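One chain follows as structure tokens, the form predicted alone.
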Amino acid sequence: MDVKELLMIAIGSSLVSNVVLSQFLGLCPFLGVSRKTETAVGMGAAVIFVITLASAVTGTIYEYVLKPFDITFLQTIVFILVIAALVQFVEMFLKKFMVGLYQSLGVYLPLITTNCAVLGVALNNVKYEYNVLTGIVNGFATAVGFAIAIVILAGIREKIEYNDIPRSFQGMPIVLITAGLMAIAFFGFAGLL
């Protein structure tokens, strides 16, 4: 695969097929952690790290362990275990070195373990028959797309917090409407590819 194809995969994964806005994976942290921009940036960085590393590790395990031994039927279980271990590593790292971010993420940090976007990327890498390098590029770009979406939503939520919103739309309804409008806006990137 040449650089042009990798770039097309990266643009497609981050903007056109945004994991949150077009595939609807990872909605729990997307909606839950997007109240403040700083927290959204931290969550986006953690997701970038976890998805990229998970893509590398799961791709390697699939290519060099599961396929040669013809035990690919175990891929989902193996991928879940790998993702859970990686999230524990990230959680320990943040707890030790970034206490403020660890506390602001709260319960949503362990939710990365159950974030279907992480598992979805690993399974999509297998489905599209990406090699390890292409899977890493796809995972990184997908995670960047998640980070872009969550930071944009957090910025919008900070701005509309002080607006005069009708009572029936206050809270989560206006957030869901905003996310829907963002999805429509991201659909405009489909013309890039």
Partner chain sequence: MTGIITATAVVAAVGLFIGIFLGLAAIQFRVEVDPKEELVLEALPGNNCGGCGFAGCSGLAAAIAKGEARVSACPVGGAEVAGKIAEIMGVESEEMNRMTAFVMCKGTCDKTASDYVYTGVEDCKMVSFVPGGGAKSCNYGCHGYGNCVRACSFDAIHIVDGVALVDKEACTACGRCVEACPKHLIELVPYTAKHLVACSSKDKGPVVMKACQTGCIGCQICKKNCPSDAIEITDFLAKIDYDKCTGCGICEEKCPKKAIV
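Think of the rigid core as the biggest set of C-alphas that the two forms share within 1.5 Å after superposition. None of the values given here were measured: they were computed from a predicted structure. Residue numbers count along the first chain shown, from 1.
Separately, the form predicted together with its partner chain exists; it is not shown, and the next lines address it.
Between 126 to 134, 155 to 163, 45 to 53, 63 to 71, the stretch whose residues reach within 4.5 angstroms of its partner chain in the predicted complex through a non-hydrogen atom is 63 to 71.
Note on the partner interface in the predicted complex: the residue among V78, L109, L119, L101 having a heavy atom within 4.5 angstroms of its partner chain is V78. Contacts to its partner chain in the predicted complex (heavy atom within 4.5 Å) from stretch 84 to 102: A85, Q88, F89, M92, F93, K95, K96, F97. With the core superposed, A84 shows a C-alpha displacement below 2 Å between the shown form and the other one. In the predicted complex, the Cα positions of E91 and V175 lie at least 3 Å farther from each other than in the form displayed.
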